[in-house]
Ligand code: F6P
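Just one chain is shown here, as structure tokens, and it is the form predicted on its own.
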Amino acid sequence: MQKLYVALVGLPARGKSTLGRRIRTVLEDEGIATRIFNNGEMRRSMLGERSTHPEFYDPRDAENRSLREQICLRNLERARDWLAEGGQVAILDATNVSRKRRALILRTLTDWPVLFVQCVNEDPLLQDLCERRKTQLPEYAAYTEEAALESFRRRISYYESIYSPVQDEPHWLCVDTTANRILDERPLDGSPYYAAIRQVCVTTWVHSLYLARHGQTEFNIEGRIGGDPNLTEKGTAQAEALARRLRDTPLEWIFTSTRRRSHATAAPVIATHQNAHVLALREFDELWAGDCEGMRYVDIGETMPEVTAGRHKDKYGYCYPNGESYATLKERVQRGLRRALFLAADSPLLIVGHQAINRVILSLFLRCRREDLPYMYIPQNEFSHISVSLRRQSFERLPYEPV
């Protein structure tokens, strides 16, 4: 029986642990005995508060460098013993950013192949948010938020000083964890696990995504497009109905656009999920109608007939004067969705978007024809629930309570 070590590589807050858990889930679903061996957990259990201080990670500090190597070796021994006792795939969850550390792994683990999986995230917004989220770990309980952030970023700077991308190792994958894309690889040919691991790296993974449109607005009644209107009384009732519907649904992240109608619709849900992270992303702002912002459709038809004709001919590709088309909108919505899914990792999330935004998001999962995308039905009294993994893809549209 062939076995395998999967050694994760990457700076902190780059999605290593999330990817490791997904690899474990997929392999276990295939009946493959898989276990994660996390250096950080062992470090905290052995050293406690001492390892919280950034100086513990200073590569120039010989004493602490020796301690970190001891922790690494102990974890490698645990992984090796577990494979010898019947395990099949051992996942080594640690930064492993230096060539020296990876060489130590290869010298120590000679019984089975080692596949290095390097996680890369070059999105500055995500890096900042992930670093801030790390400050909420129990090890920073005695710190203020800003002190914890400063300490964690100093720790990262020490890792950066010794960081060397995978290149000379025998087998590796380099993965953009925000886009679920393999940037480069040196395949592990002949491994019964490599294809499954590779597939995990390129799969958009959605544990539980709830997608709602904002409630009715003044502009909806008047037939106007875009703008930043308030909710109507009915829209507020719809928002409250959504909150009642999701009251007992776990939500760790709630995303909105920067528009008032999106915030107002999310507000009752936020009130019932006070521990959820809340973030407004401009990528989820409604399609920008440019010169037509705030106009009624009937007035556009009368004063700008070429716009109405252009949209009727090609609603997907037509771009409003000084505005956007669905074709141009799609790129920014995809970027926002990647950010939301990366931050949520494998936890449930809610996106309160707009008609065009939700059409684009749904089209990415339902794979509808692009010419049909602008005509997808996005009601204001129902929400969608989406779940995607290698084994399961589900979509359902669910009603709010009657309003």
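Just so it is clear, the model here is predicted, and its values are computed rather than measured. Note that residue numbering follows the sequence shown and begins at 1.
If you look for the form predicted in complex with the ligand, you will not find it shown, but the lines that follow are about it.
In the predicted bound form, at least one heavy atom of Ile225 sits within 4.5 Å of a heavy atom of the ligand.
Contact check for Arg259: every heavy atom lies farther than 4.5 Å from the ligand in the predicted bound form. Interface membership of Gly336, defined by any non-hydrogen atom within 4.5 Å of the ligand in the predicted bound form, is ruled out.
Under a 4.5 angstroms non-hydrogen atom cutoff, the ligand in the predicted bound form lacks His207 among its neighbouring residues. With the ligand omitted here, the record of contacts in the predicted bound form names 348-356 of 43-51, 58-66, 364-372, 348-356, defined by a heavy atom within 4.5 Å. The contact with the ligand in the predicted bound form, taken as any heavy atom within 4.5 Å, belongs to Tyr326 out of Trp253, Phe116, Tyr326, Tyr158.
Though the ligand is absent from this view, in the predicted bound form it lies within 4.5 Å of a heavy atom of just one residue from Arg133, Arg74, Lys315, Arg296, which is Lys315.
Taking the ligand as it sits in the predicted bound form, the stretch 280-294 comes within 4.5 angstroms of it through a non-hydrogen atom at Glu286, Leu287.
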